[in-house]
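Form predicted alone, single chain, as structure tokens, below.
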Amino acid sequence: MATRQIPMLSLEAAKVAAEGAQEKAKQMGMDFNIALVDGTLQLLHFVRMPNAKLTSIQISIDKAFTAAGHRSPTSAYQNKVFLPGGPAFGIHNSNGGRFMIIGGGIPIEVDGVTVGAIGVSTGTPAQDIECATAGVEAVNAFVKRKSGSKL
């Protein structure tokens, strides 16, 4: 076969994820940068809440990029393998410095296939993960409601 189709997150689902993350952010009393990429790692939707750190804009986008590209949460890279002296140290310099090893990027899967990812930044890694998780959960609920519709 010369071609293949890549399942991708839709703009509608990306907005649902962003809304879910924003709701969690409001509950937490914080503002975040929230980025969604599709299955090709391209930015699909972005929200900067009013008091989110300006220096975290690109970080949120790169967290989503990393999570979708490696089909793994960015928090997975917070272990000794990726720290100085570890065999994978320096991976954060790959992809033009876009590879993020800070928690807050989570892949979005539908039927076991990564269709995109969410990246959240401004808080601590734990706060970013909490907010991003709410976005993923919102997409999962959306998929259940639509049952069978394509993202």
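Residue indices: 1-based, along the sequence shown. Being a predicted model, the structure only gives us computed values, none of them experimental.
Not on display, but discussed next: the form predicted together with a further copy of the same chain.
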In the predicted complex, V115 touching a further copy of the same chain (heavy atom, 4.5 Å): yes
Contact test in the predicted complex: Q127 vs a further copy of the same chain, heavy atoms, 4.5 Å: no
Any non-hydrogen atom of L43 within 4.5 angstroms of a further copy of the same chain in the predicted complex: yes
a further copy of the same chain contact in the predicted complex: E12, any heavy atom under 4.5 Å: yes
Sequence-ordered residues of 2-36 touching a further copy of the same chain in the predicted complex, heavy atom within 4.5 Å: A2, T3, R4, Q5, I6, P7, M8, L9, S10, L11, E12, A13, K15, E19, Q22
